[in-house]
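There is one chain below, alone, in structure tokens, taken in the form predicted on its own.
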């Protein structure tokens, strides 16, 4: 009975008010975009945005899972670069070969994530140090395989992933499946264990949860999703690049936090991350339309991120105050 009731004693906040904040922000920026440039609000624009953001979104979902468990993964960019380079160079021009190569690349990403998790849990090394180091190793390997942009993935691979089904693109269908999958998965014991470990790892261990296993699994999932992001990036670029995902690690954290996921662990969710990916793209499009320099986009994103964290912190403090009262 003690193991079954752990979730009653450990504070678990699946999505909550933090996700509501992200939805409010999304509506706000949609309204601003409509007022500033209505032509950018056409339904067809959603396909373009989703195609462009899916790579970041896949990496962000993996990052979210790691953050929920109280860790952080800075190797996401390296995994994307390596998987993109391998796919661009070695993807065969046959459907069975494409499927097999994609599975092998995804397995490689899972293996890298598991390596991160094992080093972190078995040797008690900080996730920041391990994943930061692994990221540079992966970037070096990617650069060795593909010193400059190049490679040519099969045309069928590119057209297949970027194919549209009427008003829907494959990327939009994948986003819908991700949201539906999360609604189901967050009710499973595994995901509840992720929240529990992120909230209080020691209490989780005392209540029978294998904390090390949970953390290793989250890093493995993060690595696998980053590899899938690299595969998508290959189709998106129709080529390979040794730095294709180097700049996506920090944005993966950004969309997670904008979506309501706490960097302290145990609060947030994938739904908010999906919303955060669209918010980030709306911000970039809005600043581009207004003629802002590229560095102002980075500055505004940083300021906006701090503001979002501040709002979520206020919500958490009020919630804690009410419970204590």
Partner chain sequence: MDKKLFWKKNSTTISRYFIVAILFTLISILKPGFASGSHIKVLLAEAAIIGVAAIGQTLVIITGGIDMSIPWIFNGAAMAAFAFSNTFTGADFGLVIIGILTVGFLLGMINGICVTYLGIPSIVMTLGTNTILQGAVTGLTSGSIVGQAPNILKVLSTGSFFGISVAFLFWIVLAVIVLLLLRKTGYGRALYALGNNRTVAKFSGIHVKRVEAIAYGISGMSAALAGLMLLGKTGSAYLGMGNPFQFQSIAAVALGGVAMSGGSGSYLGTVAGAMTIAVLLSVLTALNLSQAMQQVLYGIILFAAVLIATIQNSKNRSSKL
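Residue numbers count along the first chain shown, from 1. From a predicted model like this one, the values you see are computed outputs, not experimental measurements.
Below: the form predicted together with the partner chain, not depicted.
Note on the interface: of 98 to 106, 158 to 166, 77 to 85, 128 to 136, the segment with non-hydrogen atoms within 4.5 angstroms of the partner chain in the predicted complex is 128 to 136.
A residue is said to contact a partner when one of its heavy atoms sits within 4.5 Å of a partner heavy atom; residue 299 meets this definition for the partner chain in the predicted complex. Within this chain, residue 238 is remote from the site of the partner chain in the predicted complex, having no heavy atom within 4.5 Å. The partner chain in the predicted complex is not approached by residue 32, whose heavy atoms all lie more than 4.5 angstroms from it. Put simply, residue 72 is close to the partner chain in the predicted complex: some heavy atom of it is within 4.5 Å. Contact with the partner chain in the predicted complex, defined as a heavy atom within 4.5 Å, is made by all three of 119, 141 and 314. In contrast to the form presented, in the predicted complex the C-alpha positions of residue 304 and residue 250 draw closer by 3 Å or more.
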